[in-house]
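Below: one protein chain in two forms, given as structure tokens, structure 1 then structure 2.
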Structure 1
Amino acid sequence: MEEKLVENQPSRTTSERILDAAEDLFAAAGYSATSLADVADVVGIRTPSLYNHFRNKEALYGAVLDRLIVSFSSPLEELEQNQLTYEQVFEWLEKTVRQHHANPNLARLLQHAALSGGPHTDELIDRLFRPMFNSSQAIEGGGTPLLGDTDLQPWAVMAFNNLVMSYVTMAPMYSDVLGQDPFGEPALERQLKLIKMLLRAVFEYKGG
């Protein structure tokens, strides 16, 4: 792709700095409530200069989404090959939690898209959600259904995914009431502890 011999932090290209700024702003306010003037302001250039790097606002948004999707879909891809085991689901869940914790922007962008639509929403579903449910069917095929009720299973997949993402998207609402930074290390460990506990409880639960 591009060869950069020196460290990339000060030498980030303008396009990358635009993408970084746009990602944060789109994630915070959503597509239509984010103005190109805001983006340009963060980067430190004038608004029309953005058009030297991206065709228009929608293309910039698309580029932001694409970069995020690529960086987030690797844990699931590793899974999709083989048959799924209990431990693999555990691992995938932990990886996903840590990933969303490290960069909350994809969850935020997804939440905005789910609420308000906006460009590329269908593509978003296809590339992020559809594969998740293909994998979940693989568990079913394995012989041991995740739950007592098998047709509850996709709902469980949805629930756990929502759990991970809503932690990120709702965090500001709880940070006061929990008395600590939701994106700090201790909070991450507590969240992991809880979600693993929930998953184990679900696996161990049989009818009733």
Structure 2
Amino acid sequence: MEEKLVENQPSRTTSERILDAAEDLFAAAGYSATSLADVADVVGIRTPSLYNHFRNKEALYGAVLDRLIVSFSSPLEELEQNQLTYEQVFEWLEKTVRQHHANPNLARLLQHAALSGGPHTDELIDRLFRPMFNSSQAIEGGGTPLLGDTDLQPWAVMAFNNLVMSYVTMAPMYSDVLGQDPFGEPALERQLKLIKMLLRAVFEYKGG
């Protein structure tokens, strides 16, 4: 099958094209429902040719996860390199939300993993979520942990992740009700406004 190249865009390697196709398919259908034949068909190669790049489906899935985890973990890693300020936390939040809007595949893939399982689940938890749960760095001048009250921090982490990722997976169902594209800039600005308002409430919470 002849590949069509986008003008002024460098051609991607076969491995990169396989990863792109696999990411979309795993996000759409989950690990179990996606076959190597499905991936090969999208890429435009024969299924045996995939084994020249990835030894099996699990290895391909692992490579897809690794690429996503590296990309989505970088904002938090950057945030924790220095003493935190409230402004930096809100910048991190906006960057993370915009990243999920730009690429909803991670949230969709995680939803499939949570509901039907798949390999590398422990790796997902350890690399993507545990750093947020374990973060104890305080806000400069306030002594407040990254996501508020220490006892509630795990619940704040879950609430934040659920709010961001469930929007990515569920918002398309509400497009008619919203009367706009849920991934358009106006909708994104409204979601950011709501999340920032909720995060401010978490910062202001002093314990009951």
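Please read all numbers here as calculations on a predicted model, not as lab measurements. Throughout, rigid core stands for the largest set of C-alpha atoms superposing within 1.5 Å between the two forms. Reference numbering: structure 1, starting with residue 1.
The first of the two structures is the form predicted in complex with a further copy of the same chain. Once the cores line up, the CA of residue 35 ends up 2 angstroms or more apart between structures 1 and 2.
After superposing the rigid core, the Cα of residue 166 is displaced by less than 2 Å between structures 1 and 2. Aligning the rigid core between structures 1 and 2 leaves the CA of residue 49 offset by 2.4 Å.
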